[in-house]
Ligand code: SAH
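In the block that follows, a single chain appears as structure tokens, in the form predicted alone.
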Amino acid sequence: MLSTPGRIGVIAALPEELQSLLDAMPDAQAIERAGRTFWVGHLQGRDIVAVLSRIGKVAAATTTTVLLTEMACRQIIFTGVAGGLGPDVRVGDVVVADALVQHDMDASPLFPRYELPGLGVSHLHPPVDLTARVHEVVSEALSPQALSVNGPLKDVHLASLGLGLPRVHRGLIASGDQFVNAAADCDTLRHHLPGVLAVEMEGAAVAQVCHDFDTPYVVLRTISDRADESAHIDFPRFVRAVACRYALVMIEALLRPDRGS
């Protein structure tokens, strides 16, 4: 589906997600750069570099920069988990970012709150047509048919975790160097960033680096919790049983050559 020619960088937010990718890349070879391990190989016949982002905006920006410069990647896919903020965003849903903002960026009074100094904008947007295609492909990859007894996700037992079928949303993701898990903080984000769907710690930094390098990118987040702690789930079990499986299936679907690439 991803039509950009050349190598694609796949950034995983969690070690378990990265391992699920590496298990599907038997030819992957390790290259050490900037204190990170970059795995160069193939997935769905595409030339791939898979790597762990590390936590936080600076770490994610460093990882992305190495992918674009030393690894010569021409497109970036970022996958990970996030806290849900939107009223209709449930645990187990997926958010495809059509905009990203750094919720802890505040250079006022020199610049308006959230604005990125030097860029003149607060929100960064992946290519619109790419985002639309990604939303369509991910929705199909996580469809009820995919989770049926004959589907590729038949071993994901959502009911045992108290989860319903996943819904795929498209909208604003907020990133910041803090773990948001208090209702008051969530209310503040929703008040200042109307329409925000999820919060995490890396995506907007990846977006800024890709913006600077004029490189298309995709940010996918599986909702692992409600950021205000209103929903509780066994996080390690959720990552193993759901998030890792979703990440691999979504990325494989996006890389599949029969998607019009």
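Quick caveat, the model's predicted, so the values are computed rather than measured. Position 1 is the first residue in the sequence shown; the rest follow in order.
In what follows, reference is made to the form predicted together with the named molecule, a form of this protein that is not presented.
A.B. asks: Have a look at 219, 50, 199, 60 for me and say which one sits with a heavy atom within 4.5 Å of the named molecule in the predicted bound form.
C.D. replies: Flagged contact: 199.
A.B. asks: Do residue 224 and the named molecule share at least one heavy atom pair within 4.5 Å in the predicted bound form?
C.D. replies: Yes - in the predicted bound form, heavy atoms of residue 224 and the named molecule come within 4.5 Å of each other.
A.B. asks: Given that the partner is absent here, does residue 82 sit within 4.5 Å of the named molecule in the predicted bound form, heavy atoms only?
C.D. replies: Yes, residue 82 sits close enough to the named molecule in the predicted bound form that at least one of its heavy atoms falls within 4.5 Å.
A.B. asks: I'd like to know whether residue 55 contacts the named molecule in the predicted bound form, with contact meaning heavy atoms within 4.5 angstroms.
C.D. replies: Within the cut-off, so yes.
A.B. asks: Can you work out whether residue 180 and the named molecule are in contact in the predicted bound form, taking contact to mean some heavy atom pair no more than 4.5 Å apart?
C.D. replies: Residue-level check for residue 180: yes, a contact with the named molecule.
A.B. asks: The named molecule isn't shown here, but in the predicted bound form, which of 111-119, 171-179, 94-102, 149-157 has heavy atoms within 4.5 Å of it?
C.D. replies: Stretch with heavy atoms near the partner: 171-179.
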